[in-house]
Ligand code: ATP
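Here we start with a single chain on its own, the form predicted on its own, put down as structure tokens.
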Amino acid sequence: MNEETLKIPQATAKRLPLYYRFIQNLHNAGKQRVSSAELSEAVKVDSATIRRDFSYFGALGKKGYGYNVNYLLSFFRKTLDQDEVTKVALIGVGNLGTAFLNYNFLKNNNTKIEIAFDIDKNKVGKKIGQVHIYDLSELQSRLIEENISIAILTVPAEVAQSITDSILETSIKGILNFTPARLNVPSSIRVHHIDLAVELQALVYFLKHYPNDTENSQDETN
């Protein structure tokens, strides 16, 4: 995201790609305008939240008219840097890592896994999809050479910190951490932790204790 979007609340920032995806669908369907109520129904975020999110960026719509789809598409493409490709490295080509390589964010034109790393000699030197797998010993040099800015970490928890330490002097600015480990990094590195086990446990808890709470059944921060 550009510098302007960094000033908005994090919860709002996390919803922007969701809005952008739906607006893309509207544009592809030939729709010219959309109301906050229609957006709300599609993305499962209440209308008041959508209007508040959009208000951080000024007047994106008009009262009684709604929002111009082409304008929103252009605005979010610029805001989310959709015209600039972000190179990603995958570290750990296990089952989850392999799934990421096969998927490789096909619907995200601006995000692409460029290289992958593993210690398994049976995987090193091969390709999954179009992504070449390198030996972990080449991690630092390859990240610097390819100017990679984001790393996806799908390695065993016990080695997550040591691998993170090894990339602190590279071009990496952000880490998407799929391990249970909580990483210690300097303030210059942003880490997003995605612990699938914790998310599943939280879902089970809510199903058990809030079975009829349909009003808050959608996690708006995802």
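All figures in this text were calculated on a predicted structure; none of them were measured in a lab. Numbers for residues come from their place in the sequence shown, where the first is 1.
This next part talks about the form predicted in complex with the ligand, which is not shown.
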Interface membership of residue 129, the ligand in the predicted bound form, 4.5 Å heavy atom rule: no
Quick one: is residue 119 in contact with the ligand in the predicted bound form, heavy atoms, 4.5 Å cut-off? yes
Even though the partner isn't displayed, in the predicted bound form is residue 142 close enough to the ligand, meaning a heavy atom within 4.5 Å? no
Can any non-hydrogen atom of residue 152 be found within 4.5 angstroms of the ligand in the predicted bound form? no
Just one of 72, 80, 136, 115 has a heavy atom within 4.5 angstroms of the ligand in the predicted bound form, so which one? 136
So if I measure heavy atom distances to the ligand in the predicted bound form, which of the stretches 193-201, 29-37, 43-51, 156-164 falls within 4.5 Å? 156-164
Restricting to 87-104, the residues within 4.5 Å of the ligand in the predicted bound form through any heavy atom are 91, 92, 93, 94, 95, 96
